[in-house]
Each structure stands twice: as structure tokens, then as C-alpha cells.
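One chain comes next, on its own, written out as C-alpha cells in the form predicted alone.
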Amino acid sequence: MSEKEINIRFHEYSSLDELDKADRELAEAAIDAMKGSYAPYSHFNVGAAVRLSNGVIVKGANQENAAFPSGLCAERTAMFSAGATWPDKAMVSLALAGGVMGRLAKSPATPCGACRQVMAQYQTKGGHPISIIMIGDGRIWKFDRVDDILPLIFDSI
């Protein structure tokens, strides 16, 4: 037997101003997308924004439903919309933000396992890494690729 270790690298920023222009624009789009959230049960609003290879940004927001689990996360609403509208364009980066009553949560919003798997599928489909930006109030994490937040990715393609 041998013991192995998986290490994850990411960048941490203390404000949107520290991000480069493209990442800041995407982060701001994710924060704005929180306005479209429908969260009458959790009261936690999540917004996501996906940048495509053609530069287009597609937004999504979490949508809850009384018939659990019929709702959908912000990340998947954005990715599925982008995939359906621009099926030939790769996803380059995704940002997500979450909070209550329009205010960002202190900790960066993190995607659920299902969203991570969908990100992995689109990353494989696009043929290059998708960077992930997770936004909190005063703390922002940026990962260079989906593999960093979902090691040992399941891939059936």
C-alpha cells in the first residue's frame, strides 16, 4: 500500500478590484444575476455567470420549487442556457455569488456536487479548462480549472 495526496491550488482576492478586467466583469455579472433568484424556501439567493469563447456572458440564478428537488441551481441554469443557445461555443469561465437580501455572504459561494459534475462535462466538451470564481464579501476564490474543485472527475465521453 502507498499513500497518495491530492493538492488544490487557488488564488484568493480580498476585493473585486484585485481581479483582472475580464474576471471582474464576470464576477459583477454573477452578483447582478442574484436579482433573478427565486428562493422562497432557503432565502439564499445565488447568481452565476458563464463567459463563452465568443465573449458572450450568460447569467443564471437559483430557482426553487415546493416540489423538491424540482428547483435548479444558478450555475446549471446559466450553463444549460449557454449550452442550448450557443452549443458550438466553449465555456471559458464561470463566476458564482450568493447571499441574502441582495447582500453577499461572508464566505464565497461554492457549487454543489451536481453543478461541479455539469461543469466537468462542459469542460470536457469544450476541450480546455474552465476557470471558476467563487465570490464572497471580502473574499474571492479563483480556481484555474474544474479539476481543482472536483478531483478525480467522472468522465464518460
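Note that the structure is predicted; figures quoted are calculated from it, not measured. Numbering starts at 1 and runs along the sequence shown.
Another form, the form predicted in complex with ligand THU, is not on view; read the next lines as being about it.
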query: Position in contact with ligand THU when the complex is considered in the predicted complex, options 53, 117, 124, 110, heavy atoms within 4.5 Å; finding: 110
query: One residue of 132, 58, 26, 46 in contact with ligand THU, assessed in the predicted complex (non-hydrogen atom, 4.5 angstroms); finding: 46
query: Residue stretch of 87-95, 124-132, 28-36, 62-70 approaching ligand THU in the predicted complex, non-hydrogen atom distance within 4.5 Å; finding: 62-70
query: Those residues of 75-91 which, in the predicted complex, come within 4.5 Å of ligand THU by heavy atom; finding: 75
